[in-house]
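This document opens with one chain alone, in structure tokens, the form predicted on its own.
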């Protein structure tokens, strides 16, 4: 176990590419900021998995149903891995984190506060949202100072990359399909583009502790720009129109520049009062309550086994 006599000493360790482990006597504020970041990631993976689950019976055809089922399992698996990493920090137990999520006391990513209207929305999530998540996760994995989170992200990123490729393949089917299919995705793009821009968060603070302590390695603006430079040309190549009337290329650099972002919708989702927040949280809560008998049976079985031992 390592300990540091001062915050300055700890920050010098971080600046020298040091890796913190759960047994280390880390500063309280570092532990708290790290926990909040990982808890939100875990909550988002779980709520994203529940979004996928809703479309298993409605996916078009057996192959898409199997793909949606597999993705649901992946996302919920990611959530539970991340809850274990967060619980090791000793601030909340896994059950306490879940209770806070289901009672609306904690946060999850803004994109999962929106209603999914059509199958094309699911494609938009797989192609646009998963790519945004992959962009942010890669930035964390690249230089994260907390060992367990960094190691777990290696697996999460590998699977998210597959989800994004699956989304791209589904998008190409719609892009090359009938006019109705093409229009269906354009409508989904119109709904999801700005929530995806919000996904990266507002402009980073001047002294962002997540950057200072290498919990992540790039500003929100840099991550959003990285995403825009990659996906705007792809969407144009597939024949879709990005719903931003102010989107343009800088004549000097050739880089894509998006219009001004309205941050009010993001603030609503952060307060759990987004367009579909109440229904999504209530649905998750109901699933947790309906599965209480499974948890009770497992606890009883464990108690019996311990007594017999």
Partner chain sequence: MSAPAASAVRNAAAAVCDPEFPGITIEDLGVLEDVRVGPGGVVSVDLLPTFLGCPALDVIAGDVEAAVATVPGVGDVSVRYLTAPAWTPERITAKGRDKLAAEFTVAIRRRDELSCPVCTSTAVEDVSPFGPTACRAVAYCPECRNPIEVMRR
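The structure displayed is predicted, hence computed values, not measured ones. Numbering follows the first chain given and starts at 1.
Below, we turn to the form predicted in complex with the partner chain, even though it does not appear here.
Put simply, residue 158 is close to the partner chain in the predicted complex: some heavy atom of it is within 4.5 Å. In the predicted complex, no heavy atom of residue 273 sits within 4.5 Å of the partner chain. Within 4.5 Å of any heavy atom of the partner chain in the predicted complex lies no heavy atom of residue 209.
With a 4.5 Å cutoff on heavy atoms, residue 100 does not count as touching the partner chain in the predicted complex; it lies far away. In terms of contact with the partner chain in the predicted complex, the residue from 50, 70, 56, 261 that brings a heavy atom within 4.5 Å is 70. In terms of contact with the partner chain in the predicted complex, the residue from 236, 117, 80, 105 that brings a heavy atom within 4.5 Å is 80. For the candidate spot formed by 23, 148 and 151, every residue has a non-hydrogen atom within 4.5 angstroms of the partner chain in the predicted complex. Of the candidate stretches 215 to 223, 196 to 204, 120 to 128, 164 to 172, only 164 to 172 contains residues with a heavy atom within 4.5 Å of the partner chain in the predicted complex.
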